[in-house]
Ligand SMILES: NC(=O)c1ccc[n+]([C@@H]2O[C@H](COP(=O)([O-])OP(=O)(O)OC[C@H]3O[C@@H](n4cnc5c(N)ncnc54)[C@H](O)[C@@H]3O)[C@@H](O)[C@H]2O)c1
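The form predicted alone is given below as one chain in structure tokens.
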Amino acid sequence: MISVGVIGCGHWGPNHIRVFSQLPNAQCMMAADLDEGRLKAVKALYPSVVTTTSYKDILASKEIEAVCIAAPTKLHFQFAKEALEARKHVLCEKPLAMLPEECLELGEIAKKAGRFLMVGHVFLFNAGIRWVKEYIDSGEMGKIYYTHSERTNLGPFRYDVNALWDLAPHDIAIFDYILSGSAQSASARGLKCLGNNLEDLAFATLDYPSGNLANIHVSWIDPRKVRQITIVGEKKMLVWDDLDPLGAVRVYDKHVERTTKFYETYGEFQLLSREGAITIPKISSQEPLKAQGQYFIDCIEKGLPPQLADADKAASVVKTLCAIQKSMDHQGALAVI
């Protein structure tokens, strides 16, 4: 049984407390937050969890083996570093830090401490995304031409990071995962529509080594809540929609064929569209956050590094985020990653 302490009980922290309270080989022992009202709410739901306004109480506890960090983004590096130096295993919400060098530094600290460090790229534990990865790797789609993600809603608004750093880590992590690599360059634009100093929306285009483009649209000021990715391949196309009640993945047997037929009239197309059936594969509905928590705990118990979401993977995502932000700051200029 692995004892866990959760730092941060705001928007997402209570979900981690719930997960670690439900897993068969874990228990949430302590939770920390500066807001005593949040701590009272946690205590009402989980009476056995000790609450504190000082995260250092979690780090000082000899009974707690692992720490989950769900604090504001700019505190991730500091808290993760202190937790690792206190010889705790660490699961930290995304992004792991604000600079790729900081992610790699945390990875080195974890190695020296003999502890595991994992970043919460929760969509890598989404059953639909896992299915998409396997389907692409099977070769059924042929060469991937481009991918497009849309992650929008009206709020929730944040005041520590902009919409890019809040939402895009999910899609970058997904693209790196399903395309088996990291982006090489980025071009992006963003807007500060609500009058503050943070971009409320962003459009970014990434170039991957495989030759395809990945487009990302994130926004806090959209009328629809959308969590969707479109992937266009040489042989087939698919859409992953996390909010579709009928099934998260739809595979379209659509593609374009080159014709060898001779045309006498100039301007007639030599490309033909082929359309077939739409398939909705049966995919399990396990909660991604619970699957992520179970993976983290299992890694600790088995002594296996969390390679799916380790410091190197975290650094790759943050490096891409920094390039996108640089491009946004320079009105869309290409930024090499």
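The structure displayed is predicted, hence computed values, not measured ones. The numbering used is simple: start at 1 and walk along the sequence shown.
Although it is not shown, the form predicted together with the ligand is what the next lines describe.
Contact annotation: the ligand lies within 4.5 Å of heavy atoms from the stretch 33-41 in the predicted complex, the single such stretch among 307-315, 59-67, 33-41, 293-301. Contact with the ligand in the predicted complex holds for all three of 13, 75 and 170, each having a heavy atom within 4.5 Å. At the 4.5 Å threshold, heavy atoms of residue 90 stay clear of the ligand in the predicted complex, well away from it. Proximity of residue 102 to the ligand in the predicted complex: non-hydrogen atoms within 4.5 Å are absent; the residue sits far from the partner. Although the partner is absent here, residue 321 lies well away from the ligand in the predicted complex, with no heavy atom inside 4.5 Å. The closest non-hydrogen atom of residue 217 lies beyond 4.5 Å of the ligand in the predicted complex. For the options 203, 177, 79, 135, the residue carrying a heavy atom within 4.5 angstroms of the ligand in the predicted complex is 79. Checking 130, 236, 94, 115 against the ligand in the predicted complex, a heavy atom within 4.5 Å turns up for just one residue: 94.
Taking a 4.5 Å heavy atom cutoff to the ligand in the predicted complex, the contacting residues in 137-176 are 158, 166, 170.
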